[in-house]
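Below sits a lone chain in structure tokens, taken as the form predicted on its own.
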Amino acid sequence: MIILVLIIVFIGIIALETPVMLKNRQWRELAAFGVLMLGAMVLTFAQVLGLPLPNPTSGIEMIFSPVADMIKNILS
């Protein structure tokens, strides 16, 4: 049931936003909207279905922990 509601909500959002962008020939905005909407749909359906989702904090820690360690070594 919740999947059906989500599909209806996403179709409604797309139906409201897309015609305006097509009428004004906003092709880049339409492409960005499509990519972001697709990402939102994937994450939303994954959350509802209980699939494991990546944690953004883990990625940030992986990127910045070597930098933090290097700064600690320099300052100590």
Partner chain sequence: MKKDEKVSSTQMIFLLVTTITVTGFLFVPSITAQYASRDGWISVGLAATLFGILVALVYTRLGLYFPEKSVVEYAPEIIGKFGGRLIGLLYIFFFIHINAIIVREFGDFLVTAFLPETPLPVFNTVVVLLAAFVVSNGMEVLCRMNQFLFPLFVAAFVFIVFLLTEDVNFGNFLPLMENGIKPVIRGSLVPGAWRGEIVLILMFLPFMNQPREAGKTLVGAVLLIGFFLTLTTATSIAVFGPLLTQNMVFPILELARYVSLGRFLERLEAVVIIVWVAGVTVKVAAFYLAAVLGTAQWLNIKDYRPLVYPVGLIILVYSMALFENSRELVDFLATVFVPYAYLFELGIPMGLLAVALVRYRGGRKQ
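For clarity, every value in this text was computed on a predicted model and none was experimentally measured. Positions refer to the first chain, counted from 1.
There is another form of this protein, the form predicted in complex with the partner chain, and it is not shown here; the text below is about that form.
> Within 4.5 Å, heavy atoms only: does residue 71 come near the partner chain in the predicted complex?
Judged by the heavy-atom cut-off of 4.5 Å, residue 71 is in contact with the partner chain in the predicted complex.
> Would residue 19 show up as a contact with the partner chain in the predicted complex if we use heavy atoms at 4.5 Å?
It does not: once the partner chain is placed as it appears in the predicted complex, residue 19 has no heavy atom within 4.5 Å of it.
> Although the partner chain is absent from this view, report whether residue 32 comes within 4.5 Å of it in the predicted complex, heavy atoms only.
The answer is yes: residue 32 has a heavy atom within 4.5 Å of the partner chain.
> If we define contact as a non-hydrogen atom of the residue within 4.5 angstroms of the partner, is residue 75 a contact of the partner chain in the predicted complex?
Flag for residue 75 set to yes.
> Across 21 to 51, which residues bring a heavy atom to within 4.5 Å of the partner chain in the predicted complex?
21, 26, 28, 29, 32, 33, 36, 37, 40, 43, 44, 47, in sequence order.
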